[in-house]
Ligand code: PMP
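Heads up, the chain below is alone and in the form predicted alone; it's given as structure tokens.
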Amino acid sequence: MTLSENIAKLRPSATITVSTLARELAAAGRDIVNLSAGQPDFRTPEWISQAAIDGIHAGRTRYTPAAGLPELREAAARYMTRGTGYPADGARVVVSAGAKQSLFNACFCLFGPGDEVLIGSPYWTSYPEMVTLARAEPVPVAGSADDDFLLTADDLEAAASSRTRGLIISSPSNPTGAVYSRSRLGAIAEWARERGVTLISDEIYQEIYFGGEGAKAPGALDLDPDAVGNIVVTNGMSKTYAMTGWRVGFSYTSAELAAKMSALQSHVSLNAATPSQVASIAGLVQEERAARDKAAMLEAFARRRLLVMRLFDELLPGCAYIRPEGAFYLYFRVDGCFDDEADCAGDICTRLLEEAGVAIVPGEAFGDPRYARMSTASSDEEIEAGVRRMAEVLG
């Protein structure tokens, strides 16, 4: 069979591959501590699930507009723009089957053959693949490791060319947990505007932030709209609302680009599942109930963050890590453990899975084979058991 050039360079998601393998080994009877998954280990709040059930009983199971239910687009616009200078305009929002599709929509509508797209590195594994599927060229750009790999305008200028059309960043970052300050975001946005580069800011972890009670991580929409050029901000229900499997994400951009993204989606997938949209409306509109559930989840993530850093300081002092300010990961160096049989993170992660029964994701998935990523979206007991097992092999 001859396959299309569209997928000639396509690789499967490394994070999904590792998580799937870990589940298969566990199902086969292996004692596996799975610290690879990028999803909360909490149940979706019952009242959100009930809203979907009520919607199903009420017959809300038919197609919706491609861009999503109007009331959900409006609610998402209010959620993303509250406290900012941007209008809470539902016409600027497209609801998709997960924030991953929102990002793909943006890449496919904005970039094409001959274009280059700068990607903050280390990066979420799907960013380069999305750019490649759009027939554009991904260009990873890493900031200083001493500065948690956060980018500066100088880093971007050094990597840019006459073909640069886009920039993709995430904050809080997957995989590092690093967070851009408002001033840093402002400098990056100013560089992008002056260069005529579209800034795509993935903010799916915005509320999983350890910078203050009830606070969100600074986002691109917090900047002065007059100082920002073309922009796409993505977010969704997956992480903050523990709704990964419901597949609801959304993007906020100009009404013109939103219309194009909606048109693309109408031919690719049409609408996100209608019951999922109904549940998402409840989550976004019933703010007080949502705030209580989100606070409880954030408290657990904050406790686990401190736990895993303490364990690494105590048991794995040779594995330096990025101090996470958001999300639920620990990104740490494993190159100090290289030997004649293991000379990359992939080899180290294979060793840990085989000898310790611990599943983590190698840094190759994120653009740096010196590092690995573990998730703290597991119970305190699993985290402690996993790190202690890792220490027995790597220590």
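Because the structure is predicted, anything quoted here is derived from the model rather than measured. Residue numbers run from 1 along the displayed sequence.
Form predicted in complex with this ligand: not shown, discussed below.
- Contact check for residue 149: every heavy atom lies farther than 4.5 Å from this ligand in the predicted complex.
- By the criterion of a heavy atom within 4.5 Å, residue 331 is excluded from the residues contacting this ligand in the predicted complex.
- In the predicted complex, this ligand lies within 4.5 Å of some heavy atom of residue 174.
- For the chain shown alone, residue 209 is not a contact residue for this ligand in the predicted complex, no non-hydrogen atom being within 4.5 angstroms.
- Interface residue among 128, 98, 166, 90, judged by heavy atoms within 4.5 Å of this ligand in the predicted complex: 98.
- Interface residue among 184, 247, 289, 195, judged by heavy atoms within 4.5 Å of this ligand in the predicted complex: 247.
- Checking 295-303, 269-277, 236-244, 313-321 against this ligand in the predicted complex, the stretch whose residues place heavy atoms within 4.5 Å of it is 236-244.
- Residues of 101-131 placing a heavy atom within 4.5 Å of this ligand in the predicted complex, in sequence order: 103, 124, 127.
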